[in-house]
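Two forms of the same protein chain are encoded below as C-alpha cells; each is given separately, as structure 1 and structure 2.
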Structure 1
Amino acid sequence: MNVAQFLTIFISAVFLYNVILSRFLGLCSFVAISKETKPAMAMSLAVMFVTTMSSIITWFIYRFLLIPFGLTYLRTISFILVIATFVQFVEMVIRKISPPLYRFFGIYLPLITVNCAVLGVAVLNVDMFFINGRAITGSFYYSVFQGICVGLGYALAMLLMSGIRERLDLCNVPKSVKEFPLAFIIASIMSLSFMGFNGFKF
C-alpha cells in the first residue's frame, strides 16, 4: 500500500472517471432526484453507504468464497444479492428516521438496488485489485476506499446538478425544455466540463 495509489484512486473515481459524468452509470436517480439539494444530498449519502458497504462485503465474498471454490462466474448475481440487501436496510432506516424523505424518494430509493453505479464499483474493484485470481497487496483497503470515492463522485455530480437546477427554477425557461430535457442538457455540459480533468498526469 502507498499514498500515491490512494491518491490515484481518489482523483480517478471523483474527477477523471466520475461514475455519473464519465461512466454514465446511475443516471436514473441522478436526473430524477437532483431537482433539490436536500434530497440530492440524502440520496448521495445513501448511495455512498451502499457502495462502501457493498465493496467490503463483495471483496470478502469474492476472495474467500468465489475464488477458492471456482465460482467466479457467479460474481454478478452474488454482488446483486449483497447490494439488494443493503438497499433494503437503507430503505428501512430512511423510512423510520424521515418518512417525508422516504415518500419523496418514492420508487427511486428501491432503484438503488439496480443502480448500475453500485454494481459497477463492485465489479471494478474485482477487475482492478485481483490479478489472476489473487488479491494484490492492500486490495481490501483499495476496494473500500474506491467505494467511498465513487460515492463522493456521485455526491459531487448530484450536488452540482441540484444547485444548477434550483437556480434555473428562478429563470424563465421555455416550456419545451423544462424538467427532463433541460436536465439532460445540463448533464451533457457538465460531462463535457469533466472531460477537462483527463489532462491530469499523476
Structure 2
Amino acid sequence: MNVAQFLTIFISAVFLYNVILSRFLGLCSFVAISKETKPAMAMSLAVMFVTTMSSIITWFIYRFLLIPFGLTYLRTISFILVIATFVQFVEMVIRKISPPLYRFFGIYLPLITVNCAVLGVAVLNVDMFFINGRAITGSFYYSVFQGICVGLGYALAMLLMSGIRERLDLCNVPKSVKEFPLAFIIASIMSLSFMGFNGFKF
C-alpha cells in the first residue's frame, strides 16, 4: 500500500477512465438528469455515497463469503441483491431521519439501484484488487478509495454537462438533435478533451 497507488487510482478513475465519458457506466442517468445543475448535484452526491458504501459492502461479501466457500461465480447475483437492498434501506432511513434531505434526493435514490456505475465499481474492484482469488495487500483501502473516486468522476462529468446544457436552453438547435442526440454529441466532445489526460506520466 503506497501513496503512488492511491494517486494512480484517483487519476485513472476521475480523469483517464472516467466512469461516464470513458467507461460509459451510468449513461442513462447522466443523459436524463443533467438538464439542470441542482438535480445533477443531488444525483452525483447520491451516486458518490452509494458507490463508496457498495465498495465496502461488496468487498466484505467477496472476501469473507464468496471466496472461502468457493462461490465466486455467484458474484453478480449477490452484488446486485446487496446493492438493491442497501439502496432501499438508505432510502427508508433518510425518509425517517431527514425529510428535507429526502426531498433533495427524491426520486434519484431508487434509480441508483439500476445505475450501472454502482455494480460496475463493485465488479471492477473485484477484478482489480483480487488476484487468483486472493486479496492483494491493502485491497480494502484501494476498493473504498476507488469507490469514492468513481463517484467523484461521475460528479465531475455530471456538473460539467449540466452547466453546458443549462446554457444550451438559450440556443437555437435543429429540431432533430434536440435533447438526447445533442447531449451525446456534447458528451463526445467532452470525452475527447478528457482524452488529453492520457499524456500523464508518473
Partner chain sequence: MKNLFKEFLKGIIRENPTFVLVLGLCPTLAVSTSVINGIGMGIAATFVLLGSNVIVALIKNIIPARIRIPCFIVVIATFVTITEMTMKAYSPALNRALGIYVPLIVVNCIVLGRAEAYAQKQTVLNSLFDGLGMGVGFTLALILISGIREALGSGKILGYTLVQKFEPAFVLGMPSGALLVIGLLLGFFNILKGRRE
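Basically, rigid core = biggest C-alpha set you can superpose within 1.5 Å across the two forms. Computed from a predicted model, the values in this text were never measured in an experiment. Residue indices: 1-based, along structure 1.
**Q** Structure 1 or 2, which would you say is the form predicted alone?
**A** That would be structure 1, which is the form predicted alone.
**Q** Superpose the two forms on their rigid core, then report whether the C-alpha of Ile77 is displaced by 2 angstroms or more between structure 1 and structure 2.
**A** It does not reach a 2 Å shift.
**Q** Superposing on the rigid core, do we see a C-alpha displacement of 2 Å or more at Leu124 between structure 1 and structure 2?
**A** No; Leu124 is a residue whose C-alpha shifts by less than 2 Å between structure 1 and structure 2 when the cores are overlaid.
**Q** Could you check how much the CA of Lys96 shifts between structure 1 and structure 2 after a rigid core fit, in angstrom?
**A** With the rigid core fitted, the alpha carbon of Lys96 is displaced 6.1 Å between structure 1 and structure 2.
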